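There is one chain below, alone, in structure tokens, taken in the form predicted on its own.
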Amino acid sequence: MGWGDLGAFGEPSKETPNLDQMASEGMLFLDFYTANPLCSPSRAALLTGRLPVRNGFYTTNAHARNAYTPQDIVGGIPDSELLLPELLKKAGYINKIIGKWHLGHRPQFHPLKHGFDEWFGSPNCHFGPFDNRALPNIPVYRDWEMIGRYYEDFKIDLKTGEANLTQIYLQEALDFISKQQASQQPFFLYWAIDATHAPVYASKQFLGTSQRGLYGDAVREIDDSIGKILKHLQKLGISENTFVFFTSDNGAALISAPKQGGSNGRFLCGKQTTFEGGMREPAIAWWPGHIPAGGVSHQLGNVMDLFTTSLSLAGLEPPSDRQIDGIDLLPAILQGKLIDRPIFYYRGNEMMAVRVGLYKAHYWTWSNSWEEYSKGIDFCPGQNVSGVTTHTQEEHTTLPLLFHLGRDPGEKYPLSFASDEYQRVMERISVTVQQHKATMVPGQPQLNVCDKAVMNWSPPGCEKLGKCLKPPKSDPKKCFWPH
């Protein structure tokens, strides 16, 4: 979902009344970022509080390539990483993930082995349908075992876009919250739904209800579901004891727009890029009785901050044996303070850009290759900016391209290299980058090796359902990541 997909962020159709109300009752973050312009790495960053290049969710197969966890990926979240639910257990929390896990589908990467107590959802994206010969359909899990597969037991109609998954995920959330409230148990719920990811889907009652087409239908259903979750917390009398945060894992996928993709507002490009449209996200914090209603924050935030902030809420300290990139946002949320911190924009193994204050410096620019672009793959449709949205990897480490995001949120007008403003700002940014790189110890890359033999052929529980499939012979190869 993109920065421009919510009414509170200026979407003209105004079709997100519940999220807009959540914003009016809580705090809107206008400068909130993901840690990567792609799904798997950003989710790994959220749950570890660490940049993907530290936690292993990147590739070294080629320079500055986006990588994720398709079915044939061999790697996943390393055991050495400490995930948020693992740490919250120390404070007595019960933890559940609903929806897409995306941190590895092999048994050692199962979310219940990394701190979660319950899981309803899938390890991968809902791509398909597949023939179960060349590729298996993606499994859906309840806790340790699969209970079916997408397109077989959990239907998604690609012609109409109809699927009931968001409603199922909603009921799972409501039931989990009720159960924990009844037992007076503190809980962490990670509601990771994926209806706005192509192929986009919505349930029958929402199909055809949006001015924005199928994508808008999906957004409306997510909005409605979040409204029901918040009302449920209020009905149970636990809203003032429950911190809720809404955001996205990357910018809207403009390559799928307009039928299967959303809006990044005035920002440049979309998912897969380190321009603002790829990494700046809608973000809302809600905590009645604690967060002043109608707040708007210009605090630079990142999904990694949810790791550290959640630990702070639980009375826990972040691990001291590793570099944690997320900061505690509570002073910004509860007291309106602004914390001075940079935002680093990574694409694979390369730091592409950095933001300090209102300034963003690009050390590398690249949208995607000419080869991919010639096939119709365009991450910046209608937004070509000469010398910025380049189709070759352009290095600017000697003279970074510098933008003032207050005056120029669309990254169209780089400051003159000869200007006093450029010299003054880059002097400060250069120190920030030097300090960052001096402390950077990359993790072992997890997204380098692919093998069709490790796909979801025979997940746990397949025997009970008669859905075990025979895998092909193992043939590990370097994954190919085109962009």
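Quick note: we count residues from 1 along the sequence shown, nothing fancier. Bear in mind the structure is a predicted one, so any value in this text is a computation, not a measurement.
Keep in mind that the form predicted together with another copy of the chain is not shown, yet the notes after this line are about it.
Proximity of residue 349 to another copy of the chain in the predicted complex falls outside the 4.5 Å heavy atom cutoff.
Under a 4.5 angstroms non-hydrogen atom cutoff, another copy of the chain in the predicted complex lacks residue 180 among its neighbouring residues. Looking at residue 381, you'd find a heavy atom of it within 4.5 angstroms of another copy of the chain in the predicted complex. In the predicted complex, at least one heavy atom of residue 211 sits within 4.5 Å of another copy of the chain. Listed stretches are 147 to 155, 321 to 329, 383 to 391, 105 to 113; the contact stretch with another copy of the chain in the predicted complex is 383 to 391, by a heavy atom cutoff of 4.5 Å.
Proximity of 187, 290 and 314 to another copy of the chain in the predicted complex is absent: no residue of the three has a non-hydrogen atom within 4.5 angstroms.
Of the residues given (17, 471, 10, 460), 10 alone sits with a heavy atom within 4.5 Å of another copy of the chain in the predicted complex. Just one of 250, 302, 274, 263 comes within 4.5 Å of another copy of the chain in the predicted complex, counting any heavy atom, and that one is 263. In the predicted complex, 385, 404, 406, 407, 408, 409, 412 are the residues of 385 to 412 with at least one heavy atom within 4.5 Å of another copy of the chain, listed from first to last.
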